[in-house]
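Before any questions on binding or motion, here is one chain by itself as structure tokens, the form predicted alone.
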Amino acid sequence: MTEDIKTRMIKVYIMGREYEVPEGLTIMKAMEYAGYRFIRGAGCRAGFCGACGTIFRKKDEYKFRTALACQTPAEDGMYLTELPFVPANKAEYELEELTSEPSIIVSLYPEIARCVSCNTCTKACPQDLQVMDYIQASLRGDINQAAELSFDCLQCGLCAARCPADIVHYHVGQLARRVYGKYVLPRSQHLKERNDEIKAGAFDQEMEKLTAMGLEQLKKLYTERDIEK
């Protein structure tokens, strides 16, 4: 006869109020267990969308931490809060009117010149990106490196929330990637050919056939498809 295994409960503090939640839950699930309903600030729940930025302190620790709530386990004694949106100014521009000049990023985001190289932004990044490095690359006009280093950015905003210089890192990285993709990255001939085929209606008949199928037919077609190795 086996004994019932009881779930260990831990104490967490959400918005200053104490709750008991089962051990092993993520911060997001712990908050839902405590009765919080996410109207916003929750998206994919898999660490890809960056919507669930959170700030917390651990028990008996002075350090202020940032993370994604869907990835980070709740710990006994944690003080938690959610950041469903990080307000930040965004430069207004028309991509078609920009150039790949080295000064283009700093002209739209002059605040990057205030960077003091404290690396707080990098430490705050839940993706472990070298945020400070791509800001410095943007400042030097190295669009290629800025785009490459910021490629996996989730736009969660936690870097900007911690920056003492009030830099909006994630918008800077987004601009670098847009300029790089539009003006620097070599054009794919295969992509152009496929776009021309789509515009010419080469796939219209097949699309009509697919849209006329029922759900089960689509599932069967998907599972039995030829998978390219």
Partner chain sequence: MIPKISKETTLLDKTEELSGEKIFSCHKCGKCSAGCPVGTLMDVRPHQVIELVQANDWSVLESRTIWLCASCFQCATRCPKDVDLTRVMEALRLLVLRENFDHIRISEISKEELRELPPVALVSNFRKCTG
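Nothing here was measured: the structure is a model prediction, and the numbers come from that model. Numbering follows the first chain given and starts at 1.
Although not depicted, the form predicted together with its partner chain is the subject of the following passage.
Shown without its partner, this chain lists 143, 83, 78, 104 as candidates; in the predicted bound form, only 104 has a non-hydrogen atom within 4.5 angstroms of its partner chain. By the criterion of a heavy atom within 4.5 Å, residue 115 is counted among the residues contacting its partner chain in the predicted bound form. Proximity of residue 110 to its partner chain in the predicted bound form falls within the 4.5 Å heavy atom cutoff. Contact check for residue 147: no non-hydrogen atom falls within 4.5 Å of its partner chain in the predicted bound form. At the 4.5 Å threshold, heavy atoms of residue 98 reach its partner chain in the predicted bound form. Contact annotation for 132 to 148: a single residue, 139, has a non-hydrogen atom within 4.5 angstroms of its partner chain in the predicted bound form.
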